[in-house]
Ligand code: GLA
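Presented below, as structure tokens, is a lone chain in the form predicted alone.
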């Protein structure tokens, strides 16, 4: 795929909406109305439609940003403090920017923006000599639902600090800071998909990203003919971090064993299936490897279908992906399986699978426009019958992308 030049972080202008105005008012209630007016920024969440658990294995992924995400209001200070607060969390945090180098992760929500600030400072941004900032986070993206709230908060932090310090970063530099924050500071061994999906979002487009070389392109998905739905089980992913890191380690173990028999392969996604079938691996490691190798082939087939306008062929690969995530990668739960079961039986649903790391969270679905209400009714009814909890069902538009909001 052709590598496209990174756009400026400030290239996208987000339309004024009531939700941003409400966040602006909430900032003033929290921090007061004195001083300069706050600047507002937005970063979307994302749905990964194909390429499950391939980003850290060097495979192709097909995420789509959605019109829900993280809001951030920023206002300069004069005392050198970085003050972090959130409309969604009772507790906030503050530190002096001259002490940023000694900051350590705490296991709290503010580790993500603090990690970004440390990454930017390490890259040469003079945060320690600035007057400081008030940072007020909010938004309408469920946390822990598999919609990439972590990439959303790290990218919006990078965007706001870039604007506040006039760093003139491009999107790829912001992605580097976001990845460092999550991998090194927070300690989640994530791949590159989420920050790329957030940083390079475009409305009405699916991002095809090759995680082996970071090349990408946009593919169209007609938002008038097809609807993108998310069904949130309400089950939060308490096991996700530890189990996610375990899956990363298991995939690395598989490539260590299979790589020598696959000349030219630089990652597990590039290992031919026949190499796996001729190897002797621990059963659980073999299952993880089979998912990665077969999911790579499915994702390339899905992207080819979308490029020729075959949305049904593209979405149909999502069902096969879910079965593999359930049986081979073992990251599904009964609540997620119930939702996919309803989707498979519904004539208006073209494809569905769990999205995100698994162990809870959401199912993403592609539907024929006009099928939304009936699908939502059916999935709620069966989910309540089997699991008591009523899932949340929403239908999203594509996102205009990362940008500053004008009020």
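Residue numbers count along the first chain shown, from 1. No experiment lies behind these values; they were computed from the predicted model shown.
From this point on, the text means the form predicted in complex with ligand GLA, which you will not see here.
Remark: residue 200 does not count among the residues lining ligand GLA in the model of the complex, judged by a heavy atom distance of 4.5 Å or less. In the model of the complex, ligand GLA sits beyond 4.5 Å of every heavy atom of residue 44. Contact check for residue 361: every heavy atom lies farther than 4.5 Å from ligand GLA in the model of the complex. Of the heavy atoms in residue 357, some are within 4.5 Å of ligand GLA in the model of the complex. Exactly one listed residue, out of 221, 193, 251, 84, brings a non-hydrogen atom to within 4.5 Å of ligand GLA in the model of the complex: 193. Among 109, 244, 216, 255, the residue placing a heavy atom within 4.5 Å of ligand GLA in the model of the complex is 244. With the partner omitted here, the stretch from 31 to 39, 63 to 71, 374 to 382, 49 to 57 that lies within 4.5 Å of ligand GLA by heavy atoms in the model of the complex is 49 to 57. Along 212 to 235, no residue reaches a heavy atom to within 4.5 Å of ligand GLA in the model of the complex.
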